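Two forms, one chain: they're shown below as structure tokens, one block per form, named structure 1 and structure 2.
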Structure 1
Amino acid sequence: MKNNTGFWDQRRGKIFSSKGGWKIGQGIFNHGYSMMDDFVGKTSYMQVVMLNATGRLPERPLADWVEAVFICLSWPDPRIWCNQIGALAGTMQTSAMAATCAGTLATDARAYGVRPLIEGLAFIQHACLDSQAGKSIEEIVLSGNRVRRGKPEIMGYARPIAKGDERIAAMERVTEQLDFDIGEHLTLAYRIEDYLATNYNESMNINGYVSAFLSDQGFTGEEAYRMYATLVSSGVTACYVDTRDKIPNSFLPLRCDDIDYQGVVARDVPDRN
């Protein structure tokens, strides 16, 4: 209704939290739990991270599995785009927090990083429904996916720079150690990988593995994205520290001619009309 401000008036000066909060003198509450009494010293940090992100407190093994993925995605290699932001921030003596946030923010991206998990989980969950409806692996791979350089482009398969993904074998060990079963989504993800390997010489990447595993555990893409919002942060910090503790501006210095200028030639500035 036009200019009916009742909805806004009800919320003016008030906070309605669906999560929890600090009741001064009573405690700090989170989804009905007392954080100091129920969590500190009793649960892992990652269990609380997942509760904050999804509203559900997971069992410890699942939180440990999710935590292991953080190790897979936080490398101290400044050639990786987000990490290089940390290194560049370090070389100009930015603060550690600013550098870590800046590099982490870069993974809110389409080409790599955390945001693609949304599409990764959506793909494998949709593919699973297609499979249950009787579609073949070939039909799942070839229908509705972009084709680039003659290969179907599917989130969770293939990766920049390298073929194969050493992180999957590492996570497979974790899956086994923590006694998780291989569910319907992960089984299908492997079948898709086999098809892509045979026909296109491509394989699953860590996104595909994580997306399929988390789908088997009942997560949505948005929930995975929220849980992993800071997935690369530790690697960014490492790259920051590496350059912050060295001579300023000494990380990959560029001469003027190290930039390839391809624009127009010199011209005079006309006067303003």
Structure 2
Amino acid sequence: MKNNTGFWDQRRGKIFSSKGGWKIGQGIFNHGYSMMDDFVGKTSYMQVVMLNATGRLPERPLADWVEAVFICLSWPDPRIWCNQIGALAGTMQTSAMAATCAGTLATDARAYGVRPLIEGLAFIQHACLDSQAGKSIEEIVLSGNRVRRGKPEIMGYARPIAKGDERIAAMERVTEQLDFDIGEHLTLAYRIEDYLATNYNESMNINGYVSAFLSDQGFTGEEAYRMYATLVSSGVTACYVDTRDKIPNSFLPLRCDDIDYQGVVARDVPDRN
């Protein structure tokens, strides 16, 4: 069987990009735009972030809405798992870059962080199709969702520690201030919340709100995930700075007897002399 290596041979020693790049003497281009002429001083940084994540340049109000979510989810609280990594990196005197990248990477998990947006958008978009097909809210909630401790487990609803979500109220204000309509997905998200509140004493969380809003704006879960890849980075950096400027190793220090060692029992090290 003859190996067809033509595709790879054409790319050997060359770098190809369908997005853009720097053309010496002409400019720096991004998805057909001149970054120096079309963006600098004319668009927000978040508009460019969204362009790079989705291939589409959004209007400023939508980029401002997306940016507001960054503020909602990047707190300087070292108790949050990703921020704790930043704080630990600071107390170990690492660089700000290493700390921020490590803490941000920790949000790439299914249960918490940025990746749940993929599942959140998938749920509300599928639920919207079911609603259009005539399914009731009860059918949408109970079909296909895992039940845990007597409650349906739906991405975008419930919160592990507290009831309710103060970030939704903040984003509702932003939605109104930027003059966005309440679309079909967000309307359905509220109806699902009402059902869960009545029957299970649970409510929507910020993931559910963001997922529904972005679905109304035509985004996919993967696009949302890409846009918010660095969502927590500012809070991680803040926690790094907090411990970096204090006595080294003073953040969450451990005693030897704090460690529940379950390995091989203690043994003597043979004398090699």
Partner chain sequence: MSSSAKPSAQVRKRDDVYVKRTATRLWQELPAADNAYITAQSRCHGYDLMQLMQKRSFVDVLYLLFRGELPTADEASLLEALMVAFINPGPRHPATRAAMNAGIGKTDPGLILPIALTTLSGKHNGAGSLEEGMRFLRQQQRKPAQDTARQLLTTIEWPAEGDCNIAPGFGSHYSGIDNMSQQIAGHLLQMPAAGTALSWGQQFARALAEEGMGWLTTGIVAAVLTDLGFQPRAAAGIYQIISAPGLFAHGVELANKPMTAMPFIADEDYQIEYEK
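For the two forms, the rigid core is made up of the largest set of C-alpha atoms that agree within 1.5 Å on superposition. All values derive from a computational prediction rather than experimental measurement. Residue indices: 1-based, along structure 1.
Quick check on the two chains I just loaded: which one is the form predicted alone, 1 or 2?
Only structure 2 fits here, because that chain is the form predicted alone.
By the 2 angstroms cut-off, has the C-alpha of residue 22 moved between structure 1 and structure 2 once the rigid core is superposed?
Superposed on the core, residue 22 moves its C-alpha less than 2 Å between structure 1 and structure 2.
Tell me whether residue 262 is among the residues that move between structure 1 and structure 2 (Cα shift of 2 angstroms or more, core superposed).
The answer is yes; the displacement is at least 2 Å.
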